[in-house]
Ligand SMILES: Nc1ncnc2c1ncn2[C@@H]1O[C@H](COP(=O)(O)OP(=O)(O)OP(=O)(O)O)[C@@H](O)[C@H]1O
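Consider the single chain below, provided in structure tokens and representing the form predicted on its own.
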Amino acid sequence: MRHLLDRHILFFGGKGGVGKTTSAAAFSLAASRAGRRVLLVSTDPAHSTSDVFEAGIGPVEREILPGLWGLELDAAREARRYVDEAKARMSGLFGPAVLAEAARQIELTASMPGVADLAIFDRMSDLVLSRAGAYDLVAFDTAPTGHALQMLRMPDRLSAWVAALAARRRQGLEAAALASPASARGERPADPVLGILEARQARLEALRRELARGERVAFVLVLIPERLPIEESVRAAHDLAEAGIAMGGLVVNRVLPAEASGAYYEARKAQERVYLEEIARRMPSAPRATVPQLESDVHGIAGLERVAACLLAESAPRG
């Protein structure tokens, strides 16, 4: 994973419970120790980053250690911010009567399914496009794979929807202009609604272009040598390729150490070797780091340093 130290945006993802948070935290710690200004962002509702660092982080960027900042995105807080910003934008577009009804409708949508995801996506977009300049590296500890990939596909999906809305708005404006005497004199004031839609579309396009910059952005898949995590990781690798997002590598976590002995461990290691070979066969081009099963849960700086040493090892075991 040493080759990822020069990236600017990293996403750590994988099946639930495989060690995404530990891997993201350990790599972020290592990058900060290498002299980079790092922001570690948790988008996973479980928010285990505070636990692994043994420090409260929360929904506002705060320095955890020299050179390392943390941020845990709170879905409810981000949804509230998203709704309040939408209402603020509406305030300049309509009169008091219409505005009151529009604000009521916006408030009703605040609790609808999907609004929190849109709000988290909006904040993630801001971190990638705007806040990333304040740091050398922004590392995202994401929700389980499927949810994380949905977030990363949103620029494509939302862009098509916003483009359709903008096209409809232009058609309406053209029709209104033809019926207006002012149109004959070439007077067409700027339409604020169309301006908002076009700005939104431009932002989505900028995010899509940024995520496709493999020299700056990469996704790290974390898995353990078991059947279901392997299958999910193979699907995720395919989805990332389709989305045009570079896969930075694999973290194969909780591999039994060579010194583990006894009939039980020998049987487990024999099965594990089969899975390690399968990982190498099915994802042969992905750089891999191997992290052994440690004797205790990883928490605190000392534990993260042990994991970081495995992630940055020059020559990681390959099964």
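Residue indices: 1-based, along the sequence shown. Being a predicted model, the structure only gives us computed values, none of them experimental.
This protein has a second form, the form predicted in complex with the named molecule, left out of what is shown; the following refers to that one.
Peer 1: Which of 61-69, 286-294, 271-279, 27-35 has heavy atoms within 4.5 Å of the named molecule in the predicted complex?
Peer 2: Of the options given, it is 286-294.
Peer 1: Taking the named molecule as it sits in the predicted complex, is I301 near enough to touch it, meaning that at least one heavy atom pair lies within 4.5 angstroms?
Peer 2: Output for I301 is no: heavy atoms all beyond 4.5 Å of the named molecule.
Peer 1: I'd like to check something about L10: if you look in the predicted complex, is any of its heavy atoms closer than or equal to 4.5 Å to a heavy atom of the named molecule?
Peer 2: The answer is no: L10 has no heavy atom within 4.5 Å of the named molecule.
Peer 1: If we define contact as a non-hydrogen atom of the residue within 4.5 angstroms of the partner, is A308 a contact of the named molecule in the predicted complex?
Peer 2: No.
Peer 1: Whether D74, R123 and R203 jointly form a contact site for the named molecule in the predicted complex is the question; each needs a heavy atom within 4.5 Å.
Peer 2: Negative, none of the three is within 4.5 Å.
Peer 1: Suppose contact means any heavy atom within 4.5 Å; which members of 15-43 contact the named molecule in the predicted complex?
Peer 2: Heavy-atom contacts within 4.5 Å come from K15, G16, G17, V18, G19, K20, T21, T22.
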